[in-house]
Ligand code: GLN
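Next up is one chain by itself, shown in structure tokens, the form predicted alone.
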């Protein structure tokens, strides 16, 4: 089959904002930035990485086209949250303007209403996600292990590399689309997250604990922002999520639909299928 996608030859560029890389980069979350950067560069898209920290101004933040935040320990989360309050207006403005974002583990907890650590005071969040996160206590077991989840149909829609071409007729590649709606990752969190009535889950857990080990939800979605507990890191294992974020960032910035030139993800797809099979999930 011949894939016939093209990316407009106009020289695109994106600014990717990375929230507090020195304080929030546990469990290999740095790899998500690497994947976003490389998958852009391989397509000729210029990328600037903006490290967002205590010195970053709201003006700097407003230049961001794609936002990423990783995980952290409770102490680091408290430090970050105190500083984030000064940046709340700019971050909320980005999300409300449909700037895509990926928040992993500790980061989405800070984007919710609040996080209650095992010890210490409640950490107030930015309120972007309609959700609350709590740690049950110092003796509560952590939720650890591999996760397989199916992306909720109402959460995000794909238009990236989802159609193949044969004899000039569009044919849906069913096997690819199934893989495209499955995400795999590794979770390691003590906090439990509960979604509010206005929140949409990112995915439904097929194997693992997800948000709280009770209701079968994994992550949260609001506009083009995704929050989840999936480490691994997430994007090397699930490049379709990286492409979704990149395409959305370009669409919002350049105000037109963007179809990304496909990359060879056959190794990643085989790895995902192998992980699913090992955990007893047939794709």
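The model shown is predicted, which means the values in this text are computed figures rather than measured ones. Positions refer to the first chain, counted from 1.
What comes next is about the form predicted together with glutamine, which is not displayed.
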### Task
May I ask whether 32, 100 and 241 each come within 4.5 Å of glutamine in the model of the complex, counting any non-hydrogen atom?
no
### Summary
in the model of the complex, the residue from 210, 191, 201, 125 with a non-hydrogen atom within 4.5 Å of glutamine is 191
### Query
Which one of 94, 72, 183, 131 is close to glutamine in the model of the complex, taking close to mean a heavy atom within 4.5 Å?
72
### Task
Determine which one of 218-226, 64-72, 242-250, 49-57 lies within 4.5 Å of glutamine in the model of the complex, judging by heavy atom distances; exactly one does.
64-72
### Message
When the contact criterion is heavy atoms within 4.5 Å, does residue 37 count as touching glutamine in the model of the complex?
### Response
no
### Query
Any chance residue 88 has a heavy atom within 4.5 Å of glutamine in the model of the complex?
no
### Query
Is there a heavy atom of residue 149 lying 4.5 Å or less from a heavy atom of glutamine in the model of the complex?
no
### Query
Applying a 4.5 Å heavy atom distance criterion, does residue 105 contact glutamine in the model of the complex?
yes
### Message
For the stretch 138-155, I need every residue with any heavy atom inside 4.5 Å of glutamine in the model of the complex, listed N to C.
### Response
142
